[in-house]
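One chain comes next, on its own, written as structure tokens: the form predicted on its own.
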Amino acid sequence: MSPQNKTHAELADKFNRDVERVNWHDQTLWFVREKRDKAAHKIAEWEQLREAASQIKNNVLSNLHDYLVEFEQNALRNGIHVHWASNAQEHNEIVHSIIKKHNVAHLVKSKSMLTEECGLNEYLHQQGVEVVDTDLGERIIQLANEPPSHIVMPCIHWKKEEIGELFHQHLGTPKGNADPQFLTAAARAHLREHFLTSRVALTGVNFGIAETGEFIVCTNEGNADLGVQLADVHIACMGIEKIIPKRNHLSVFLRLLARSATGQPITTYSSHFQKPREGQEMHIVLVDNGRSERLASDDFRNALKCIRCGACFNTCPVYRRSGGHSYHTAVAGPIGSILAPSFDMKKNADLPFASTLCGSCTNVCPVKIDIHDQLYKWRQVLVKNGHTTASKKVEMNVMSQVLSHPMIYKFSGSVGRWVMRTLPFMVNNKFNPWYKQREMPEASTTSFNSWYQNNRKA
């Protein structure tokens, strides 16, 4: 069975076999979550910023058609070529047609989760075009022939020693050298030639401003700037939900984005592209790919507010201990679990169940997406549409009967406590999923209901 055909539980089980890596992965991401909290607490108006960003996005989603038309008109006035793609295939074909027009077989690309969503790298490879990812984390996983496991830190699951070995194999660095500074310098030297020789540069888009027709790309490495400034052609790929109405709204999102993502005050580079420089072509591809259907859903439209900060990844106990590749989709974590089913309900039916519904993702979301509520709603939709296993249906029907009949519930509880006290081997075995990687609690001698009846005050 290929990884694409495996469920989150199966892929997470594989990741969990390396206990040391799981613990390290968990601790590293929680460290980033703590940095986010410290950065947020330094701003007295943090919650007001979140509310402002949420309301701006609400306004955008309610008037998306008008803002997109306004953006297109201003972008065209600025000399930018504007393309519209209804789905991933159209997006890929448009990008390829621009590349083909310039007779190019090589391009540099900065980080773009939209192109991951559309499978652009694989598509262009099949057309004979070499794509070089220039973000360091993206380049590492590209050399390893892996998808990103995190939308901000794509190679967070790799250790520096493993990266040293990867660079030894592909870049010829000395074997055993895992010094981060040395490896970064080696990557810089490796990428320099690609920057200097590529005539086409492709970037993602963090924000598009309807008022001015410009778009903003946020990076920490400056790779998007370097690629664009040296190339004859700049292709930017943007999901239609990335629009914001006015330039003065941008400051709200820039103050939230980096603090939520990595705990930084701001990204190192927030680059504005409003018009091509003299002699350069600039193209922007506006992509729907299911966003219109999501926009039409009262329950799930809020997911379109996402600014791809990754804060929900870093706080999620399930993501931290199951790894990004267990989500078998371009965008992992809690936000990916509410986006993926809208693309393919059957294929991604397992993802909304990969959550404790603790609500921590919603609490840290800078634009106040109700992520855990949507996860719960997706579960209901999936069950109603028959996208659950037969065993789960039986289990839920049994639990429904138990929980809806007080006498059966009380009897079942007493039997369960008796079994755990007198026949613990019936519970403490490999057939009980709850027993794996945890110790079962000691059974109480009485139920909570009995304790309450005996101890409540009159």
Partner chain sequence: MSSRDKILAALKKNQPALVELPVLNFAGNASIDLKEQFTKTLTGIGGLVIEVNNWKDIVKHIQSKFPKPDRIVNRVAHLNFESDGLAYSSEISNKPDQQAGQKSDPHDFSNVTVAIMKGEFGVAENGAIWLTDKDMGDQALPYICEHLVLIINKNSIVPTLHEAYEKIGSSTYHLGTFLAGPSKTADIEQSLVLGAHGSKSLIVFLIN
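Residue numbers count along the first chain shown, from 1. Values in this document were obtained by computation on a predicted structure and should not be read as measured data.
Below: the form predicted in complex with the partner chain, not depicted.
**Q** Is P265 near the partner chain? Define near as a heavy atom within 4.5 Å, in the predicted complex.
**A** Residue-level check for P265: yes, a contact with the partner chain.
**Q** Closest heavy atom of E221 to the partner chain in the predicted complex, within 4.5 Å or not?
**A** Yes - in the predicted complex, heavy atoms of E221 and the partner chain come within 4.5 Å of each other.
**Q** Looking at the partner-bound form in the predicted complex, is E214 within 4.5 Å of the partner chain by any heavy atom?
**A** Although the partner chain is absent here, E214 would touch it in the predicted complex, with heavy atoms inside 4.5 Å.
**Q** Look up in the predicted complex whether P276 has a non-hydrogen atom within 4.5 angstroms of the partner chain, and give yes or no.
**A** Yes, P276 sits close enough to the partner chain in the predicted complex that at least one of its heavy atoms falls within 4.5 Å.
**Q** Among A88, V132, M153, I98, which has at least one heavy atom within 4.5 Å of the partner chain in the predicted complex?
**A** Answer to the contact question: M153.
**Q** Note which of Q169, S292, Q127, S342 lies within 4.5 Å of the partner chain in the predicted complex, where distance is taken over heavy atoms; exactly one does.
**A** By the 4.5 Å criterion, the partner-contacting residue is S292.
**Q** In the predicted complex, which of the stretches 100-108, 246-254, 332-340, 115-123 has residues with heavy atoms within 4.5 Å of the partner chain?
**A** Only one stretch qualifies here: 246-254.
**Q** Given the partner chain in the predicted complex, answer whether the residues V32, G137 and R301 all have a heavy atom inside 4.5 Å of it.
**A** Yes, the whole trio is in contact, each within 4.5 Å by some heavy atom.
**Q** From first to last in sequence, which residues of 55-73 have any non-hydrogen atom within 4.5 angstroms of the partner chain in the predicted complex?
**A** Contacts from 55-73: Q55, I56, N58, N59, L61, S62, N63, L64, H65, Y67, L68, V69, E72.
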